[in-house]
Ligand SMILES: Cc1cc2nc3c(=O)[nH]c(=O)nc-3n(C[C@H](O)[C@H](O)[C@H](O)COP(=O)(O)OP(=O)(O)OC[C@H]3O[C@@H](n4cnc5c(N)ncnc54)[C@H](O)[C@@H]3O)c2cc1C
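Okay, so here's just one chain, in structure tokens, the form predicted alone.
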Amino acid sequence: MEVVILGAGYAGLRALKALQKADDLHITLIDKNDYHYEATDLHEVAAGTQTKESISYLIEDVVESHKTTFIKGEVTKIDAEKQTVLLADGKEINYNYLIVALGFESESFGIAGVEEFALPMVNVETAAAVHQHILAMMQKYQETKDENYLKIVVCGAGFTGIELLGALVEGRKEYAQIAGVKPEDIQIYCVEAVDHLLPMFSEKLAAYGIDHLKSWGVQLLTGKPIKEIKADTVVYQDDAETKALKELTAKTIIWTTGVSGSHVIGASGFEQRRGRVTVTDHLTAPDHENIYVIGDVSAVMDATSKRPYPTTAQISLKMGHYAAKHLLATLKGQTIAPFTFKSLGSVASIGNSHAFGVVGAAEVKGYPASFIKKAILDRSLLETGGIKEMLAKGRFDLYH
């Protein structure tokens, strides 16, 4: 029995961990990288408060070679009728069961100039490139004294954007030292289309995080839809009534406005929206009971809100575990209850020792929330990489 897993993110590795405990099946794991990275920590790599090595580990470290074959390759198409996966190098991989966990891509929403002039932050390499770019711009300021080199603009004030802003505040000391200025001379902006930020939290809790960023000198331009990105320039609508546009110049422009699921989903003919498949109660693709679609390429409907659950590491881990459990039950001729999800809460970090969020029904903020955030990160390492990776890469600086 051949099970193929596409993607070694949270969902894919969680499924792998469960399936490797089973007998009588062989697993092929395919990912374009030879490492797994903690996507929830990308903002820290971008800001330079963590290294890319500290948030990643080699996939081979969690692969049991007698049960699993790992292939480093890029998936280009899935042929559900032939039950094959096509790779960029021309190889075809056959499967009996397929677990699709291909992850996310940056979403430009059709805004002109995003791909040409804004820095993406969608994987370890692009996050590290953001940090190197910031440092290069600080060095340029030393040469030119042009204040645009001291400006950093974050496009989008969603969960990722807010966490990035907090990390950038923490990184200002490093940037200022290179530029030869005071930390407060580093100008950090955020341009966001909506006025009401962080709707997943109560207004009071969201205000706690936003007010902290403002007190640290972050300039939030809310209710300002971005219309275009030009070289060193963000063009946004400044007035909703007159449609008047305004320009913000900066040498560092980071794009965090949103993501979509992998383009492979659409290229493979699945019915999808923004790269996400609305799956069955058992996380399978409609009309294809042997294909599980999980993680960022999956849309699981929340019965209460009638909308898909947000794609988070938490639900991805749950999906990975369920998909493996359901697959193994199916092989034994058994059935299990449909997939259900109840969020344990969500915590946003704004720097190493500041955070805010909800755990269960309780709102947490400040240092206690930061402690919880790091514990959550450590738990995800345990669920994907096991004790070895948690001890090697875990966040144990819990007391500062």
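Residue positions are given as counts along the sequence shown, with the first one as 1. From a predicted model like this one, the values you see are computed outputs, not experimental measurements.
Absent from the display: the form predicted in complex with this ligand. The rest refers to it.
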Exercise. Using a 4.5 Å cut on heavy atoms, which of A101, I78, A157, V277 is close to this ligand in the model of the complex?
Worked result: A101
Problem set entry | Position in contact with this ligand when the complex is considered in the model of the complex, options E228, D238, D146, E74, heavy atoms within 4.5 Å | E74
Exercise. Check G166, N352 and D378: does every one of them have a heavy atom within 4.5 Å of this ligand in the model of the complex?
Worked result: no
For this session: Find out whether any non-hydrogen atom of K32 is located within 4.5 angstroms of this ligand in the model of the complex, and reply yes or no.
Result: yes
For this session: Flag Y57 as yes or no: does it have a non-hydrogen atom within 4.5 angstroms of any non-hydrogen atom of this ligand in the model of the complex?
Result: no
Exercise. Contact between V347 and this ligand in the model of the complex at 4.5 Å, heavy atoms?
Worked result: yes
For this session: Could you confirm whether V364 comes within 4.5 Å of this ligand in the model of the complex, counting heavy atoms only?
Result: no
For this session: From the candidate stretches 111-119, 311-319, 245-253, 324-332, select the single one in contact with this ligand in the model of the complex, where contact means a heavy atom within 4.5 Å.
Result: 311-319
Exercise. Relative to this ligand in the model of the complex, which residues of 34-51 have a heavy atom no more than 4.5 Å away?
Worked result: Y37, A39, T40, L42, H43
